[in-house]
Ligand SMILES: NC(=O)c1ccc[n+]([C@@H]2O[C@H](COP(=O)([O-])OP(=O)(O)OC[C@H]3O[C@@H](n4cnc5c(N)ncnc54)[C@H](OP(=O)(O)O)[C@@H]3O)[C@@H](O)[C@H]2O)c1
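In structure tokens, the next block holds one chain alone, the form predicted on its own.
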């Protein structure tokens, strides 16, 4: 059972499969780009795990907003996928130090914001990708949690801002949930953001889907089909 206040109406022009594929990831991209750090034309952003489900939506959306979009990924295939979804530059973090890569791509100016769902493996290096007064947004920890650190580190790195947001807090109020969903529906219906389903599994194969996700054999969005 789901409380009525936690559901939204899927509009005409959005298929059931699209809705299943995009709501959690798309509303995550929405609050990150529009509310945590409101991205505007001319901003430069760094997003880790660019070929993931949130990344492929956020890359397109950020490009639509006029940002220069830098990502990191772990393979040639994932780099190509990210580039096809709005990323201007993608750094292979297994072959190149991403801090040096960001510095080179920005002429030393670095980024306005870093969106990081990786956690332990990319910290504190992510802070070195930020310009003074930039914002570090840690919204996940796929490699493990970020260890405790002294607040003085933010001062040393350039009087940085840091936040650890969650979708459920940002959309806790009914009105915020509806606005977030509507913004997502609008940007998809406009064609600015395309929702691609990269993997489909029968519901009976849910265990295989989880195994593939854990083994990082998937990209983008996965849906289970009844």
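None of these values were measured; they are calculated from a predicted model. Positions refer to the first chain, counted from 1.
The protein also exists as the form predicted together with the ligand; that form is not presented, and the subsequent description refers to it.
Contact annotation for residue 159: none of its heavy atoms lies within 4.5 Å of the ligand in the predicted complex.
At least one heavy atom of residue 214 is located within 4.5 Å of the ligand in the predicted complex. At the 4.5 Å threshold, heavy atoms of residue 33 stay clear of the ligand in the predicted complex, well away from it. A residue is said to contact a partner when one of its heavy atoms sits within 4.5 Å of a partner heavy atom; residue 139 meets this definition for the ligand in the predicted complex. None of 70, 67, 54, 195 but one reaches within 4.5 angstroms of the ligand in the predicted complex through a heavy atom, and that residue is 54. Of the candidate stretches 38-46, 176-184, 163-171, 58-66, only 163-171 contains residues with a heavy atom within 4.5 Å of the ligand in the predicted complex. Taking the ligand as it sits in the predicted complex, the stretch 69-88 comes within 4.5 angstroms of it through a non-hydrogen atom at 73, 74, 78.
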